[in-house]
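Only one chain is given next, in structure tokens, and it is the form predicted on its own.
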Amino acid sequence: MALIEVKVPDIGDFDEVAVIELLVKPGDTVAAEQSLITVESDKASMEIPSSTAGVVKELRVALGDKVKEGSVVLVVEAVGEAAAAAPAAAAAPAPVQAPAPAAAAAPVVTAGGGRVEVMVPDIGDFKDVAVIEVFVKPGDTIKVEQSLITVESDKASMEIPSSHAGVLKELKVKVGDTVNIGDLLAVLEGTAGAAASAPAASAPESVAPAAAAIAPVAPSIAAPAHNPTASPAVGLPHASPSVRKFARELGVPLAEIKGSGLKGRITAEDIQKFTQSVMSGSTQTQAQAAKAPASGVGGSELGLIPWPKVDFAKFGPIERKEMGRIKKISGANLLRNAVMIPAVTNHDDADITDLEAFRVSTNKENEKSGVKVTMLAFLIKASVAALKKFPEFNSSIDGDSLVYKQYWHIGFAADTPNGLMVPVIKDADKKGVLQISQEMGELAKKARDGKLSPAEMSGATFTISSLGGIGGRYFTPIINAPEVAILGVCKSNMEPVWDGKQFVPRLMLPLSLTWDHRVIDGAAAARFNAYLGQILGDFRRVLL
């Protein structure tokens, strides 16, 4: 057994770079060349590998620390062959695979002031590096040292500059291609001045600053500001090269992930959580939302005639506004649910005269608490009682089986400036009306502020959509798959009701219950509505 200090190797022309990510912890077993930390300067982001294999005994750096060549990163307890090679490993740490300043491959100029072939310069000991970003397009005017593309290995990312100025005629690479030193990158239509600068551009002194500049992975990365035709508006997500590689392997769009690391850096754990969220159906990527047919698009997938394309402007003035992201996603989900679910809606009325009087008196008694009880809170408790009596309404279809859930999470539709959102009251059966009212208020505020998390909108077993504060009489709510039923309620009204002897004024609440006919039949739906009405008419039934 031997203790070895693993130090920062030669990382090129960088001094006092900041530690922005720790990839290991004490007790971890590391292999030789395994990345230990990520460091970042104003020009580069790179991972520092281990010079030996073993078990991490002590970590000598923390997030935010500054390190340079020779700084001790950690102490490793080497075993076996690694222990035997400890003296050599300690004396000569393996150099990090960072690009070294070197001369660019000489560009081929076909004629003075004519076409110039720009090659990939010497970018260090890298082979088959992937093109992950393209900054320019044919027709753009390019300046000397302007970044053309970004390439990435498993250890570092870097921008490849142009050795000449001119107009870009052909771009020979695209995102996803792999390149090596000397590969043809672009063809420029050069100017006399640009062609004359060819010898200087191929000299080590002029290529070194750009060829060795590993692109920062912070959000500020982009095409140089002096080029107005550069296509990317923002740069690479704030993540280390290995994390971005991990994301590419899983097909995860990094631009849609909010990083939990230092300064918003995306970590491997963030990618795993996002993937799990997408797989569970609680999150939809922008690509999925774009592929899903919206309410006014498509139809051919179902064998329908195409949606009509109309030039509305020829009939009069128009204004075009892009739909918000929430409406795009919810619209695609609603269309799927409306088309795929054989839905039926039952309409009924519930007498809530006594319940409303109780609600008003409760609010007066609890005025100092700041919690305002709404009718929706009573509806949630009443729905839980009905779901327990009719468990098929709390189920979901899974292939040829029905999944009966032994928990009661009730979603409620919240109208926000950004569109309709559905927060979920978890374990509503275990909460009282006051607690439900308080939680509803908190979730509704989060929804309006755009701060609801995916977890707070997932897991519902039954949903209530209330238009009580607006008006209306009845409507047909769309089931929120994979649920099998949804309750819609409208504004209550005083109506004359026959009590067997005379008409008396009673406060009546309109109910609209939509249900999945694959799971529920008409008789069960009628009984559910009738039982729900009985509970709302006499809330003491909740206790039975």
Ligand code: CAO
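Everything numeric here is computed off the predicted structure, so don't read it as measured data. Start at 1 with the first residue shown and count on from there.
The next section is about a form of this same protein that is not shown, the form predicted together with ligand CAO.
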Exercise. Could you check which residue among 115, 389, 448, 327 gets a heavy atom within 4.5 Å of ligand CAO in the predicted bound form?
Key: 448
Quiz prompt | Answer option from 278, 132, 467, 424, heavy atom within 4.5 Å of ligand CAO in the predicted bound form | solution = 467
Quiz item: Of 156-164, 312-320, 176-184, 372-380, which is the one stretch near ligand CAO in the predicted bound form, taking non-hydrogen atoms within 4.5 angstroms as near?
Solution: 372-380
Quiz item: Might residue 420 be said to contact ligand CAO in the predicted bound form, defining contact as any heavy atom within 4.5 Å?
Solution: yes
Self-check item: Contact of residue 412 with ligand CAO in the predicted bound form (heavy atom, 4.5 Å)
Solution: yes
Quiz item: Even though ligand CAO is not shown here, does residue 359 get within 4.5 Å of it in the predicted bound form, heavy atoms only?
Solution: yes
Quiz item: Heavy atoms within 4.5 Å of ligand CAO in the predicted bound form: does residue 440 have any?
Solution: yes
Quiz item: Taking ligand CAO in the predicted bound form, which residues of 491-528 have any heavy atom within 4.5 Å of it?
Solution: 491, 492, 509
